[in-house]
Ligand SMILES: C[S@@+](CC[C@H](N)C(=O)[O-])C[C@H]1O[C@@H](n2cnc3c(N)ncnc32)[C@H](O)[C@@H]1O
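The chain below stands alone, shown as C-alpha cells; this is the form predicted alone.
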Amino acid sequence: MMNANARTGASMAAIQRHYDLSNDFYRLWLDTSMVYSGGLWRDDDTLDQAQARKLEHHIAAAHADRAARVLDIGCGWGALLSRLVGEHQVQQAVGLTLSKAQYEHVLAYGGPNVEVRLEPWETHEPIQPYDAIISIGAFEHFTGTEFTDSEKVEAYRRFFRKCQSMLCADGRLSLQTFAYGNTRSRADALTKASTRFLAESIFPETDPPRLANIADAIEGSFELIEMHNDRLGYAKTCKAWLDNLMAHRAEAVILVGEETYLRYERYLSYSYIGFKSGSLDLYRLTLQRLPPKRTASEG
C-alpha cells in the first residue's frame, strides 16, 4: 500500500485539463490512430507508419504477442490496445488512463477483449498477474517541478515496484518516456523559458525525469535489457504534428479558440527545438522483472 504522505505526480484534474481539451482537436494533427507520443521513424515513413512501428517495437520488447493478459499504463485513445487484441491476438488488454475523454473513446471503440479503466496505476489491482506491461508517454507525468531529485526517485521507485508486483515471474515492462537531456543547451535561456512554459501552460503538475533518476529507481525491481535514445525521432514527430496543426489552423481555432491554438503551436515548436538540440531526450527501455527480495522473516 502506498504511503499516504508520499508525493504523487499529475492529478486527474491536471491530466484532464490537457488530454480532455477536444478529441476532434487532437484528431486534426495526430496520426489516424491518435497516438500521442514520439514515433519510431525509418527513411521516408509517414507519421502513421512511424507510430505503428513504435507500437510494434513495444509489443515485441515486452514479449506481448499472443499473451493472455497485457496492461497498458497511460493507454491514450486506445491504439495499442486495439493492436494487441487485433494483430497480436492478446486475450485481454487492459488500459489505464486518467483522461475521461480517452476512457470514453476506448470504451466505445475498444471491442470485447479490451478493458479500459479510469484509474491511476497506484490503485490498480489486477485479478491475476499480467504477462507484459507497456507504458508509453505516461512516466513523465509521475512527478512535478516541485519534486526534489530524491522525491522523484522515490516516486519512480514506487511505480517500478508496483509493476513488479503486477507482472508474472518472467514478465517484461516496455517503457517510453521523454526526459531531460544531458547536453549543455539545457542551461540556455530558451530551454529554461520553454520548460517553464510547458509546466505552466501545457502539462501542469508534470516534470520529466533524468536518466539517473530512472537508473536509481529500477534497482531491485527490474533488469535493464535494452535502452535507446530516440530524441531525433521525437523531434521529427513534433515537426509532423506542428505541420499538421498549422495546416488545419482554421478548423483548430473553431474547435478550441485562437489563444489555445497559438499555445499549442508554441508548445510543439518548443518541443521540436528541445529534442533537436538535445535538451530533451526520448528513451525506450526494455525491462525484465526481477523476483522480489525475500525478507528476513521469509528466510
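Counting begins at 1, following the sequence as shown. Note that the coordinates shown come from a computational prediction; the quantities given were computed from them, not determined experimentally.
Quick note: we don't show the form predicted together with the ligand, though the next part is all about it.
Put simply, of Ser99, Thr177, Ser194, Ser221 only one has a heavy atom within 4.5 Å of the ligand in the predicted complex, and it is Ser99.
The single contact residue among Gly137, Gly110, Pro129, Pro204, judged by any heavy atom lying within 4.5 Å of the ligand in the predicted complex, is Gly137. From the list 161-169, 86-94, 137-145, 221-229, the contact stretch for the ligand in the predicted complex under a 4.5 Å heavy atom rule is 137-145.
Site residues Leu198, Gly233 and Phe275 are none of them in contact with the ligand in the predicted complex, judged by any heavy atom within 4.5 Å. Taking the partner from elsewhere, Leu282 is found to have every heavy atom lying beyond 4.5 Å of the ligand in the predicted complex. In the predicted complex, the ligand sits within 4.5 Å of a heavy atom of Glu119. Proximity of Gly181 to the ligand in the predicted complex: non-hydrogen atoms within 4.5 Å are absent; the residue sits far from the partner. Put simply, Ser37 is close to the ligand in the predicted complex: some heavy atom of it is within 4.5 Å. Residues from 49-76 that approach the ligand in the predicted complex with a non-hydrogen atom closer than or equal to 4.5 Å are Ile73, Gly74, Cys75, Gly76, in the order they occur in the chain.
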